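Only one chain is included here, represented as structure tokens and corresponding to the form predicted alone.
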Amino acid sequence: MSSKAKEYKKVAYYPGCALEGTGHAYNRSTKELGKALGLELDEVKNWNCCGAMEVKNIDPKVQTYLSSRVMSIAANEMGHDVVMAPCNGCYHNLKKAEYDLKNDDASKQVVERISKKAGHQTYESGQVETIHALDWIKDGIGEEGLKERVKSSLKDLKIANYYGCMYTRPRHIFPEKDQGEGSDSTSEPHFMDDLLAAAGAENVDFPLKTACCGGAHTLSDSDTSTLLVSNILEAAESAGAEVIATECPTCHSGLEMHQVRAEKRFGRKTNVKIVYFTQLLGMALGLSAKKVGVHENISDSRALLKEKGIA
């Protein structure tokens, strides 16, 4: 068992904006999976947007403040030293804020000034560890722990694991990665592969697992986003995948919506299904497809999952 298992038993949970909207199924399945595994999520009180793309593009130091406020509440008001963010954007922005507060005096000054004006304690670099949902399951339970709990194996299900670009880039804000055994890799991430393999799935060799889905350009340049997604979907199908497992609500929604648009706009049809990794693990542990929100996905995988004896 990981040395972090006890530390990750109860963590501050930062769902972020997307999980209360288009990524609701990810929120639902993450919570249900946590319950099934005996891992407790304590939602950050009165949390705010991490600054995402909009604020970051206008004033990155204000974005650093917004992310720091989430960590300040978790640490200074709730007493947590670990914040779990399942959204790649939120995870990335909290990690970036941590880096900026440690290495950029100007960012630190802005955060101190706004925090004082807002009337809450300023977040100090190092007060919390920000982790992703993949870290939470990988280090909180581990592969062996999952294997012991599997009730409905994912055997015979061929999966392409898609991590997206913000889970690994830029490398300097993820100092815990690329540290050898026990850590994830920025060039060849494998935590999702490891967890789904432990649940019985067959992971296919998928070359675009960290390619950008074009999420940031969906509104401004839909065609570019659609073409980027088409490349990912077609690469997964060419590798033999029946399902693409996701761990980011923006990527997940993008893959689903642009799969439909790619056929209508460019005649590029694919049949691979898009499912959150938390939904797949939840079903492997015996939770119903409805319990983990599979019916909320645009990509309808229910017939395939029933055929495989999973749902």
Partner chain sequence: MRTLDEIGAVLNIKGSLASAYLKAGEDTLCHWAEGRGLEPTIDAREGFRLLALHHQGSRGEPSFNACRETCRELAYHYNLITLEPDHPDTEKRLEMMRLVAMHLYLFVSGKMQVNGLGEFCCASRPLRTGT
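No experiment lies behind these values; they were computed from the predicted model shown. Numbering follows the first chain given and starts at 1.
Omitted here: the form predicted in complex with its partner chain. The next part is about that form.
Engineer: Can you check 140-148, 115-123, 205-213, 94-102 and let me know which stretch has heavy atoms within 4.5 Å of its partner chain in the predicted complex?
Structural biologist: Among the candidates, contact is made by 205-213.
Engineer: Using a 4.5 Å heavy atom cut-off, state whether K108 contacts its partner chain in the predicted complex.
Structural biologist: Looking in the predicted complex, residue contacts with its partner chain do not include K108, since no heavy atom lies within 4.5 Å.
Engineer: According to a 4.5 angstroms non-hydrogen atom cut-off, is H217 in contact with its partner chain in the predicted complex?
Structural biologist: Contact check for H217: yes, within 4.5 Å of its partner chain in the predicted complex.
Engineer: Does any part of D81 reach within 4.5 Å of its partner chain in the predicted complex? Heavy atoms only, please.
Structural biologist: It does not: once its partner chain is placed as it appears in the predicted complex, D81 has no heavy atom within 4.5 Å of it.
Engineer: Mark Q179 yes when one of its heavy atoms lies within 4.5 Å of a heavy atom of its partner chain in the predicted complex, and no otherwise.
Structural biologist: The answer is no: Q179 has no heavy atom within 4.5 Å of its partner chain.
Engineer: Under a 4.5 angstroms heavy atom criterion, identify the one residue in I232, M71, C87, L196 near its partner chain in the predicted complex.
Structural biologist: Of the candidates I232, M71, C87, L196, I232 is the one lying within 4.5 Å of its partner chain in the predicted complex.
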